[in-house]
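Form predicted alone, single chain, as structure tokens, below.
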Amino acid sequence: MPLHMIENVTIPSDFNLPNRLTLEQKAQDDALFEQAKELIKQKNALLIAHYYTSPTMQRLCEETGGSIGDSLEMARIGRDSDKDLIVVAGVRFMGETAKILSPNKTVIMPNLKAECSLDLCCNIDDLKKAKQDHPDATVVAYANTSAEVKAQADWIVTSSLAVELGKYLTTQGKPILWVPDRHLGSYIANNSNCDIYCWPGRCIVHDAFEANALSFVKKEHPHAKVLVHPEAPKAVVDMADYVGSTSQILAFAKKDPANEFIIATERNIFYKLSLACPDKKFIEAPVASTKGHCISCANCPWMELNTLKALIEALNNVDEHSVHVDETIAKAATVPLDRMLKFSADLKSGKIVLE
């Protein structure tokens, strides 16, 4: 499982994170629930939200006939809906992916400045240079990347399919140029025997989970199972009873007989976990701290920009909140996206069988 970390790429040292909402601001925003609900109905819009948005946004999604899911699932639901106005509550790359799959629909976001640290870690000029440096490698881009990066890729992949694709490409004798998450790249290499040239990016939420502190939480809850997202550091992943995407963690918790789980992913997943498993206990995995303050608090600050106030503003000012993707870039990005969707379908049907 050769893993080669790519050097000399631009990784931000400071992501210029947005300010957190105060408790008062959250309360004021929650008070807009019925107004937002009525406006979605008036505009005949479909609201699709990520698991990492606030519980209030997720509840609004449920009560208006929308859907909550991972990034690609959100885009597929938007594509397959009969609605022509799609509201994406998430971060920028999610809105772009939804627009790529629904080019003839209007896709809007509550806040177009909602970013993703993984996306920001992958500079397009650096990627083009890396492709030149590794001309024989198959470029596999995580879904958590911009449309521009996706357009440079041979494959797009979600965390739920990453290892399977790694195994498949290994059988094809293909080395991988992987972008942008170093931890997921390492996880793929460790579990699929791939030859990987790995981008050194990171998710500020998952990168902050801390193995030593987790060992103490495990001692306090000896019967709890540890469920970890593969974007977490290897030391944390190695302590897991189960490793999977956000939706896979949710599915595992539903079916597993354990009554306690320690969860190492963005904490807003607790909304769906608690609804799905009201009789089970969910415990937040600990995160690293600096000067006594948590780095991310297991909460994406950009996801927090998806307020009900911003949603109402977007629905009343569609043009200013619309997602646009260059037609040439969208066309190029569709190729690896379709390739992944076919690969996923072939795996489920048994057309592709991996050891």
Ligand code: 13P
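None of these values were measured; they are calculated from a predicted model. Note that residue numbering follows the sequence shown and begins at 1.
Separately, the form predicted together with this ligand exists; it is not shown, and the next lines address it.
By the criterion of a heavy atom within 4.5 Å, Y142 is counted among the residues contacting this ligand in the model of the complex. This ligand is not shown here, and in the model of the complex it never comes within 4.5 Å of any heavy atom of K150. Contact between T97 and this ligand in the model of the complex is not found at the 4.5 Å heavy atom cutoff. Heavy atoms of D29 never reach within 4.5 Å of this ligand in the model of the complex, leaving it off the interface.
The stretch from 60 to 68, 320 to 328, 34 to 42, 47 to 55 that comes within 4.5 Å of this ligand in the model of the complex, counting heavy atoms only, is 47 to 55. Only one of the listed residues (S159, S186, S102, N268) places a non-hydrogen atom within 4.5 angstroms of this ligand in the model of the complex, and that residue is S159. Checked against this ligand in the model of the complex, the residues S192, N111, T246, S146 give one hit for a heavy atom within 4.5 Å, which is T246.
In the model of the complex, this ligand lies within 4.5 angstroms of at least one heavy atom of each of the following residues of 222 to 237: H229, E231, in sequence order.
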